[in-house]
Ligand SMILES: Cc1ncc(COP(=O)(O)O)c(C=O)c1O
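Just the one chain here, laid out as structure tokens, in the form predicted alone.
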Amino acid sequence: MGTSKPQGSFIRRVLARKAYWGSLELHIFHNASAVAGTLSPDEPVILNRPHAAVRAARFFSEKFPGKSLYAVKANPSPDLIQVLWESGITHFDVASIAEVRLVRGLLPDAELCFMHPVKTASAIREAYRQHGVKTFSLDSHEELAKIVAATTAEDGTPAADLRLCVRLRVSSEYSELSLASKFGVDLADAAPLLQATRQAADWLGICFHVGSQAMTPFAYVQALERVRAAIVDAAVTIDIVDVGGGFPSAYPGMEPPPLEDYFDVIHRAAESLPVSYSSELWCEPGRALCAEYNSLIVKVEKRRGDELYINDGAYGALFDAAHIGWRFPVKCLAEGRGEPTGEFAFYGPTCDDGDYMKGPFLLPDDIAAGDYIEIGMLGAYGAAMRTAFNGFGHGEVVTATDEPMVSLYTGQRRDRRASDNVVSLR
């Protein structure tokens, strides 16, 4: 999976490609301090770290005991998608027809899987007929009928090559963000839907999502027990067991177990399923593949006590910090400041009171207007959610060659758990 390519030469090829900002395409910086010192930017600056995405992609492609699908919604950057593809990620979880078009335009040979359980008939039709998408998810008989109708030929012949994954509702109790209420068929109703889908599918799968940022591998054990029950109830042959996303990254106050523990636990639980001999194991990492890819430089425009007014916020790359209280790692880039012992909240640049991030973000007590701050781990749902509300949301994109603030892939992690008791991983 790409391990034969020297990483240094690969990164040089990535950095040599045309960047987003023409005049900055040759601007490659060692770190955020170099960016702030050289550019003195008045707008936020996104730092891309292609080498971090390479490392994450190779980790999943080499160590997960099955296929890894990148969840494009986490960060649809074309440069990132290309980096992941060249580093061993060949399957992509696309959740809209726009994402289908994007990835197919970039990667003609990629395997696209339309994993949104509720789609328009026109999106299904275009994905199947124009872009070669065969894999779709669903969680209702209505969606199954829609997929069958949209992929049926004009002469009335049903498609014979569909790979259909029934999404099962599972618990999100071990995750920081729940995904348990919107999608998924209840276990009590799963058997008839699996049986009906089996009649229409060349490959039949079961998929689920334990929620975003699952903090223990036990979340997948619990979900796979529901998969077992659904298979037994339906008495059907399953070709794909897709454990979805939820693989975590590290943030202040959220330090997960090593990802190898997740892979080991999932492998053991999947091997105990009655269809382990005949099914493929899939996963859909989003955050875990791209969180370390981006960081953000913001400028302090004003200080009011323990509140800092910065030039990005709730309507920009810091949506999660504002709306769900996500704490990102931060670092003051100004020289001569004290130790990071002060707890601060942020206000973003718009006129809305809701443009507020309570943190707390740990920074030097003597931080002042004009200082720059690097905010790390924003590759997932950061740049992807920026808007132009109130005239903000613009800024430069450059490349940094240093390490992310936090990484699960550098080998500097907690020791592996000694116990094989999966409950002890909670």
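Bear in mind that the values here come from a model prediction, so they are computed numbers and not experimental data. Residue positions are given as counts along the sequence shown, with the first one as 1.
The form predicted in complex with the named molecule exists for this protein as well; it is not shown, and the discussion that follows is about that form.
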Discussion item. Can you work out which of 285, 349, 205, 316 has a heavy atom no more than 4.5 Å from the named molecule in the predicted bound form?
Written reply: 285
Worksheet entry | 212, 216, 77, 279 - the one with a heavy atom within 4.5 Å of the named molecule in the predicted bound form | 212
Fill in: 4.5 Å heavy atom contact, residue 146 and the named molecule in the predicted bound form
no
Worksheet entry | residue 73 within 4.5 Å of the named molecule in the predicted bound form, heavy atoms | yes
Practice prompt. Tell me, yes or no, whether residue 93 is in contact with the named molecule in the predicted bound form, where a contact means a heavy atom of each within 4.5 Å.
Written response: yes
Worksheet item: Within a 4.5 Å heavy atom cut-off, is residue 179 in contact with the named molecule in the predicted bound form?
Response: yes
Worksheet item: Pick from 238-246, 221-229, 302-310, 96-104: which stretch has non-hydrogen atoms within 4.5 Å of the named molecule in the predicted bound form?
Response: 238-246
Item to complete: Residue by residue through 136-167, tell me which have a non-hydrogen atom within 4.5 angstroms of the named molecule in the predicted bound form.
Response: 167
